[in-house]
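Starting off, we have a lone chain in the form predicted on its own, written out as structure tokens.
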């Protein structure tokens, strides 16, 4: 009985391990994301700029592409991005992985611009001699033509986002564009709902939480991020009265570890000053003793 229980336990653990490993390695990338291409032409300059971005954000886990010096203590092991398996992915798949992140890998959608993300991929592709780029039809210069309008219903806590482009030929409704909504907070941006796509008239409707604290009259800073195949990425920042009026003092008004020096906690100021004075005293003591040793040597 004991032996059979041990066997069942071992088989169960192996099954979980195998499932988690397969699940960790597989990326379920939507078909439209796989087909996405860069609007930037990859060349030596974009690869060089991408290398700097890669070194800052990726090399600590993935290592140098093609060198197999990726961090092998993580589970799953971050792939060598110069290896054939990674190079077999489409540009869209690489871009999706950069945007989404998973497990130990963070999402870079809100920390790197779209241009920086594509330049990172340009650097990764520089290790594939057989790679042939397909450039997207996206024209980033057209992003200036895009206008984002917010219609707020404070009774139902819904925000309607309408996106248009004022072309010379007339107004263009941005259909099937990705829309993300965020609220600016002290330590980053809080995403509201999921990513939505505009309908046939270039609109989406977000359900907004009813319990988000705003300023004294309920104002919140709403950030709208638009991603369109033709017009690229566009961001709009709006102050909207839809939050809960809050009279609490700002996090930066009182003494806190994240505040500026004059409002840092006293214990940090005292500790920091004591360390500096202590180090300075020790250095002076060392210098004094060196002079004594020199004088003794001369005598």
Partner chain sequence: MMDQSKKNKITSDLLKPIGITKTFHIWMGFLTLSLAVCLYAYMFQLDKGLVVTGLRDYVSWGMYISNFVFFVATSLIGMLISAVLGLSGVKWASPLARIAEIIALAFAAVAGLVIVSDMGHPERLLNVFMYGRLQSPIVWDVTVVTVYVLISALLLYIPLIPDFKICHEKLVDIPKPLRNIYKLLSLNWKGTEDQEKLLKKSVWILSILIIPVALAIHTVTSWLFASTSRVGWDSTIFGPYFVTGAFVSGTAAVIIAMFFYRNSYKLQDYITELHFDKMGKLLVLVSLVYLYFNLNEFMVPGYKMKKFDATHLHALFAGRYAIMFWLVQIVGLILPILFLLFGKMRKPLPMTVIAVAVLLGAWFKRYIIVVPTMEHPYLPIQNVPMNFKFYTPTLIETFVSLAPFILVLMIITILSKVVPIIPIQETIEHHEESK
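Residue numbers count along the first chain shown, from 1. The structure displayed is predicted, hence computed values, not measured ones.
The same protein also exists as the form predicted in complex with its partner chain; that form is not shown, yet it is the one meant from here on.
- Contact annotation: residue 238 falls outside 4.5 Å of its partner chain in the predicted complex, judged by heavy atom distances.
- Within 4.5 Å of some heavy atom of its partner chain in the predicted complex lies at least one heavy atom of residue 264.
- Although the partner is absent from this view, residue 260 contacts its partner chain in the predicted complex, with a non-hydrogen atom inside 4.5 angstroms.
- Under a 4.5 angstroms non-hydrogen atom cutoff, its partner chain in the predicted complex has residue 272 among its neighbouring residues.
- Contact annotation for the candidate site: 279, 293 and 296 all lie close to its partner chain in the predicted complex (heavy atom within 4.5 Å).
- None of 35, 268, 52, 68 but one reaches within 4.5 angstroms of its partner chain in the predicted complex through a heavy atom, and that residue is 268.
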